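To begin, one chain is listed below as structure tokens, in the form predicted on its own.
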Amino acid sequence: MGKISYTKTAYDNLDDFVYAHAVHPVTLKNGISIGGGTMYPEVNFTLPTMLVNEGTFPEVINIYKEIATGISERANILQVPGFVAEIELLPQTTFVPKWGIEIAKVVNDIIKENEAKTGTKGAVRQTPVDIREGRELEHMWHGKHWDSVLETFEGSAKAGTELLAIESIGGKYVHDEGLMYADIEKVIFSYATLGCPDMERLWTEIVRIADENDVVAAGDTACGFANTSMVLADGKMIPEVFAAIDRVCSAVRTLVAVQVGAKGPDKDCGYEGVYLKAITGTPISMEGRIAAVAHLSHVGNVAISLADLWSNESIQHIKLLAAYSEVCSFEQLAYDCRLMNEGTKRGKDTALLLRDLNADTDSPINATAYILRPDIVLEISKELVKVEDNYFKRTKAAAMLAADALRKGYDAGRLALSDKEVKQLDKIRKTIDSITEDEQEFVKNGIAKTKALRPEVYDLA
């Protein structure tokens, strides 16, 4: 299968662009149809603070058994139509693939046993850690780090995991350097020259593994990229408008997974997933207000407007007054989904009202929330797909389109920005205009200017 080139959006009409409905739903083996008209909770969990090693691994397994059992029991009680449990592996459990695979088997077995006994449908998403970093990294696309990631995917699929995902990090350290100086050119370089080609290599392999094992290559996320921007902007360490522009740029990178065969849903922390949905019609997982357990944001409501899965991001296994933390998060997700699904049942007008109420509560006061509005997403996406399908050209165009949408929103009184943010927005827009059109020159300049880059691990030496 070759790389798909998208030249038009999957949606023409804004009224068709709504939560729980995707042009290309993903139907799992037990009948759960993600994007097929029902919003499902996706609960994401991790271990409490502890050492993970040979000696503690039996305790690790017991904790995952406790987590899977607690979530399944609560799902039965709340009578959810279905759910997804996401295992975000820790680094140690990807460095040692047999550990990550054993965790996948344990969680899958409990959820499938519960489904057989009670009829409550459940599925597992496994997200190995992208461990391709550090001084010992031989190369992004071969060597022990690469092999461990792929082995974890392969074993997880054979253990019953139906959705494969990752938070890939190709270009992340260059992106981090760009954030330190709020340098939009370096951010574009990190995506176009490093991140997108890496996504193409990595996701071609993940799709192959999924196809060979009859499971779903789901999707990626710019968690290590645009989410870092968003959190820094929330802390007033970089401009709010910079983070918003970064988010749209990240969509070009995350889209590559779908272009080489991923089916969705993308990863929950990929807020840029709304652009993937607009362009490709694949379902998406989103996180918002329930994700406050993992990070704070200004997009708690708008994020649900187009979601097909609704996630809490990630939560450590900790005992709270009511229950363990992941069970509490699951319940919150389930109630949100119940409300949104009732809107769907009452008809299109009600569903659109719910969509727009959630978007309108966040988007006037934050730049990232504004560029996640369904109307703005579709407007930018329609223009983005007109640009030649070239990573550099599309990433640069994404930055331009985002900056122009923010300025237009501010000028129309739809987006509140401080005077300082407006000045930063105009400055960023001028910088984008100044970037050369010559891709070879752009790459040469990027390599020369970037301290964090090891060109040889990306075959750029």
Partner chain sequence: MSDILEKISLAIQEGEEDEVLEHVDEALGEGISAQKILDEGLLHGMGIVGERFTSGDAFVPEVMSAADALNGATAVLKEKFIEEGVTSTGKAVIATVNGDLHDIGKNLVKLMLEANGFEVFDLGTDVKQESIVQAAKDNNADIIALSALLTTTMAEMGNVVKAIEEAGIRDQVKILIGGSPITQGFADEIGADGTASNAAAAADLAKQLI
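Numbering follows the first chain given and starts at 1. Keep in mind it's a predicted model, so treat the numbers as computed, not measured.
From this point on, the text means the form predicted in complex with the partner chain, which you will not see here.
Counting only heavy atoms and a 4.5 Å cutoff, which of 150-158, 133-141, 355-363, 252-260 contacts the partner chain in the model of the complex? Of the options, only 133-141 has residues within 4.5 Å of the partner.
Could you tell me if residue 78 has a non-hydrogen atom within 4.5 Å of the partner chain in the model of the complex? No.
Heavy atom to heavy atom, is residue 91 within 4.5 Å of the partner chain in the model of the complex? Yes, residue 91 sits close enough to the partner chain in the model of the complex that at least one of its heavy atoms falls within 4.5 Å.
Please run the contact check for residue 332 against the partner chain in the model of the complex: heavy atoms, 4.5 angstroms, yes or no? Contact check for residue 332: no, nothing within 4.5 Å of the partner chain in the model of the complex.
If we define contact as a non-hydrogen atom of the residue within 4.5 angstroms of the partner, is residue 97 a contact of the partner chain in the model of the complex? No.
Considering 236, 386, 117, 319, which brings a non-hydrogen atom within 4.5 Å of the partner chain in the model of the complex? Only one listed residue qualifies here, and that residue is 236.
The partner chain isn't shown here, but in the model of the complex which of 29, 430, 408, 420 has a heavy atom within 4.5 Å of it? That would be 420.
Partner contacts for 14-47, taking the partner chain in the model of the complex and a 4.5 Å heavy atom cut-off: Contacts from 14-47: 46, 47.
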